[in-house]
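Given next, in structure tokens, is a single chain: the form predicted alone.
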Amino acid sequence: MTQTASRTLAERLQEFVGKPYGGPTVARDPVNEPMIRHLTDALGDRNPVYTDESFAKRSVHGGIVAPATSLQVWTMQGLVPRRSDGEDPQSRLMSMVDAEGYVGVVATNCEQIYHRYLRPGDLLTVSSEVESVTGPKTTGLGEGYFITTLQTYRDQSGEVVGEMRFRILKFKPSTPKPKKSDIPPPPRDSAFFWEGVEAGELRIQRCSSCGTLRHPPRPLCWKCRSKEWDFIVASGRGEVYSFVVHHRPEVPGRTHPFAVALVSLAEGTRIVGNVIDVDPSDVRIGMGVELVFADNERGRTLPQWRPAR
């Protein structure tokens, strides 16, 4: 037996602690005002120091700044990730735990420290190191390892402008046998929906005052604020409005990958559900689908979707 093979996974993972994990990676673009406006819209933050030049000049900042919580945004990779040769520390660590069956992943903690506000023109560079690896630990999700990394953000002059500690749990998904008795009763506001599922009906909530359909169910109409409602039974016809194909983390009891779609119903509202009886790579926006009731991996009957026949 080789020396490498004789060491435990926990021992091998400790070799990464205190060493570079990723980067340094330079942001694709400097901090800029158009993106700051998009961020404040997404955050719902109307502080004029982020968008109003005249107001910002009179503030303690002396000019426009970016929201402090946008620190991580400026160095994100975007929709097309940068390619890796698989030899970087992050890829090697992840491959090591995956090979031992710890294929599940969930973020558990994120702590950020801001040294100063970012200003338009700042070009950030981020580098990271493994701060700690703890485990194996028994958790509600299964046995796993907690991996904590420290990201350091610097500006174009090398000044540290912020830090982020990010912790994930890499775990072995447990596969308990599903029992319908383990499924909690539905909330009062959506009980009618689940009663419909048991009856083989897709019930959609409708405002009794203005007729607006809404899903998921809620106690108040978003349009006219009425609390009065009833429901209709949907026809079960629709088309794919948007979708994702889920690869990781693996869901116990599921075959991967699988497609999850936002379906536009013929009645005019939308609902989320799995698309089954079709290869996920064949799912397309605009594809006609029809309703089918099927049990999920936990044994609960759900409205799901298959290509229209």
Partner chain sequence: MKQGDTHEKVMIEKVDRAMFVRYAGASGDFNPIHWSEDFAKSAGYPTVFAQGMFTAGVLGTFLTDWVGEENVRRFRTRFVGQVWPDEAITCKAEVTSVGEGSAEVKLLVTNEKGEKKIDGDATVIL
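None of these values were measured; they are calculated from a predicted model. Numbering follows the first chain given and starts at 1.
Omitted from view is the form predicted together with the partner chain, to which the following refers.
Interface residue remark: L265 is not counted as part of the site for the partner chain in the predicted bound form, having no heavy atom within 4.5 Å. Residue contact with the partner chain in the predicted bound form: S226 places no heavy atom within 4.5 Å of it. Although the partner is absent here, S242 is not a contact residue: none of its heavy atoms lies within 4.5 angstroms of the partner chain in the predicted bound form.
Using a 4.5 angstroms limit between non-hydrogen atoms, L39 touches the partner chain in the predicted bound form. Note on the partner interface in the predicted bound form: the residue among G78, P187, P219, G211 having a heavy atom within 4.5 angstroms of the partner chain is G78.
The listed set S235, S91, T108, S157 contains one residue whose heavy atoms approach the partner chain in the predicted bound form to within 4.5 Å, identified as T108. For the marked spot (I204, T269 and T301), a heavy atom within 4.5 Å of the partner chain in the predicted bound form is absent from each of the three residues. For the partner chain in the predicted bound form, the listed stretch (193 to 201, 91 to 99, 109 to 117, 122 to 130) containing residues with heavy atoms inside 4.5 Å is 109 to 117.
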